[in-house]
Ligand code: HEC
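Presented below, as structure tokens, is a lone chain in the form predicted on its own.
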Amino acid sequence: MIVLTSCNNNKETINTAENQTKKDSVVSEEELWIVPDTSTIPHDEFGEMVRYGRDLIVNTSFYIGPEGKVGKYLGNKMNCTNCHQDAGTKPYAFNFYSTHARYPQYRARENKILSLSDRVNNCIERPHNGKHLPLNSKEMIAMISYIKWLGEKVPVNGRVKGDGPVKLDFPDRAADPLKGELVYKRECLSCHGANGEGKMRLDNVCYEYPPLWGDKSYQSGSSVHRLIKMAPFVYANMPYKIATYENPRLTIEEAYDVVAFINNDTIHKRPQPATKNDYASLQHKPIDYDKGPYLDSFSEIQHKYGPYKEIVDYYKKIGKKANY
């Protein structure tokens, strides 16, 4: 149920993006940022790279997957748009609205400043369980060009409405994987399978509905493996083409519970990261990362599942920011 966007045909189809200006009881009463129309992509050398970059986002596995047309860089057949829905143009769905404007930026996992190309490779390495694209490759430059074009009207270092997660209050209790299993069976199983295996497209190029655990899914340590990071995405977008940020299908607690079930490493195995030194700076470590040590004395279980309010309150008490 989490990363659900289906893959497109190998040949790119560009659709005109609809202006997203609806209101939501969860988000503030202001207009969402308007996605630029693909018809405005220039018809020059830069525009050609933008179009190729968009095609790579939509059909990632076809081009650079395990059987990729131009290179074999991914360790699975998931596409970028499985998480960055609608080619990175959907509000509250890991979009690219302000991405180019905010890089280079500090990343806590690596404890250093990353370029946008570094961040793309971070995604290829973690969720895709793959190996880095060369920084000067046509494919890397094309993806960066598309992300730049998409957010070209966003001020440098700026944010725009809809570019982050929907802001949700933390549940008062810990997320419950057992309750989440019931939600999964009710809302997710028909697309993602009884064993979280997803549904492969008939031509075997990529997934129609991607796997949520198992050796073809995302790694532990990926951003989507963190509860606070992933629950708002599920709340605002899942089930796919049924729920919206304006009309969610799940309650906040159900969103947290089902992510807790999917990311329960005790029963669901997934690829493990090659590096073991994530979040070397404890000051910047997200409170929902499930491996210690931490600046606090809360257990790994509480960091993974919550409840989070008392952790946040503790950091306020010691005069530090709780990161998540």
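Each residue number is its position in the shown sequence, starting from 1. Not measured: the values here are computed from a predicted model.
Quick note: we don't show the form predicted together with heme C, though the next part is all about it.
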Considering heme C in the model of the complex, which of Phe94, Tyr245, Trp149, Tyr73 comes within 4.5 Å of it through any heavy atom? Phe94
Which listed residue (Ala142, Val166, Ile228, Cys188) meets the criterion of a heavy atom within 4.5 Å of heme C in the model of the complex? Cys188
Determine which one of 295 to 303, 33 to 41, 276 to 284, 257 to 265 lies within 4.5 Å of heme C in the model of the complex, judging by heavy atom distances; exactly one does. 257 to 265
Can you work out whether Ala108 and heme C are in contact in the model of the complex, taking contact to mean some heavy atom pair no more than 4.5 Å apart? no
Within 4.5 Å, heavy atoms only: does Gly214 come near heme C in the model of the complex? no
Exercise: Gly221 in contact with heme C in the model of the complex, heavy atom 4.5 Å: no
Taking the shortest heavy atom distance, is Thr99 within 4.5 Å of heme C in the model of the complex? yes
Since the partner is left out here, which residues of 63 to 93 would have a heavy atom within 4.5 Å of heme C in the model of the complex? Met78, Asn79, Cys80, Thr81, Asn82, Cys83, His84, Gln85
